[in-house]
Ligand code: FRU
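First comes one chain, alone, set out as C-alpha cells in the form predicted alone.
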C-alpha cells in the first residue's frame, strides 16, 4: 500500500491496532520504537497557527511511541519547501503540512506522496490530488455564511471594507469568493479591499488607508480575527469604531470569541485548527487503516447573543 511508505512489511504485520481501552499513552503503535511525524508549518506569526501546533503537540503527547518534528517556515515559501524536502530525506513516517501557498508547494508534497510517505494536508489545500488526506473546514461555506450574516445585519445595504488573507492561498480565495456570493442580491458595496496576508499589523495599516479615504464605513469583513481586531484598533484610534461593525474568522477562545465577549467583534466564524484530527489520522494510517481523502471539520458562528451558549452551528 502506497501510504505505508517506509514501514516494512514486518512492522505492519506486528502493528497493534489502537483500541478505546485504557489511556492513549499506553498503547503501542506497532513494534517500531518511535514513529516520527514531520510537521511543516507555514508560519507562527498568527495565533491560530500557534494553536494548531499546540493541538498537534498535545494530541501526540498522549502516545508513547510518537514523536513530532516541528518546522516553522516563517512565512517563506522557499523555506517551507526546504523543510518538506528535509523531511523526505529523513524518511519520516508521516508528513503533515499546512502550506503557505498552493502552487509552489504542490510538487514537493507530491514527491513525498510518490515516495510512499503518507501526506496529510492541513488547513490549506494544494493543487491536484497527490496527497493522502486533506483536513480542514469549508472556507467557501464560511465566507458565504459571513456574507449572509452581514447582509442581514446591515439590512441589505451598506459600505463594507474587506481585509483579505493571503490571496495566493486557497483559504484566502475561498473566503473572498464565498463572501461575495453571500452578499449577492443586496445593495452592499465593497468600497475598499486589500490583502493583509493574515497579519494584524498589515490589517491595521490597510484600515487606516480606508478610514482616510471614506467618510462612511458600515462594516469590516476580515478573513481572520487578527485582521478584524487590527481594523478595530485603527478605527478606535480615530474614534470611529462605533460607526461600524467588525466580523472575523477563526474564533479561538482567547482571541475571536474573547473579542465578541468584549464587544469588539459583532460576529466571528470558527475555523478549527485540525491539529488533533491530524494526529488521529496519522495514527490510523500507521495502523494500516483506510481514511477518507477529505475530512471536513464543522464550524460555528459566535455572536453576543449566542456566545454564552457556545455559538451556533452552520
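Computed from a predicted structure; not experimentally measured. Residue numbers count along the first chain shown, from 1.
One more form of this protein should be noted, the form predicted together with beta-D-fructofuranose, which is absent from this view; the next part is about it.
One stretch from 118-126, 182-190, 152-160, 84-92 that, in the predicted bound form, holds residues within 4.5 Å of beta-D-fructofuranose by heavy atom
Comparing against beta-D-fructofuranose in the predicted bound form, the contact stretch is 118-126.
Tell me, yes or no, whether residue 43 is in contact with beta-D-fructofuranose in the predicted bound form, where a contact means a heavy atom of each within 4.5 Å.
Contact with beta-D-fructofuranose, yes.
Please run the contact check for residue 49 against beta-D-fructofuranose in the predicted bound form: heavy atoms, 4.5 angstroms, yes or no?
Yes, residue 49 is a contact residue.
Is residue 198 close enough to beta-D-fructofuranose in the predicted bound form to count, meaning some heavy atom within 4.5 Å?
Although beta-D-fructofuranose is absent here, residue 198 would touch it in the predicted bound form, with heavy atoms inside 4.5 Å.
Do residue 178 and beta-D-fructofuranose share at least one heavy atom pair within 4.5 Å in the predicted bound form?
Residue 178: no contact with beta-D-fructofuranose in the predicted bound form.
If the cut-off is 4.5 angstroms on heavy atoms, which of these, 171, 136, 147, 108, is the one near beta-D-fructofuranose in the predicted bound form?
Of the candidates 171, 136, 147, 108, 171 is the one lying within 4.5 Å of beta-D-fructofuranose in the predicted bound form.
beta-D-fructofuranose in the predicted bound form - contacting residues of 239-256, heavy atom within 4.5 Å
Only 250 sits within 4.5 Å of the partner.
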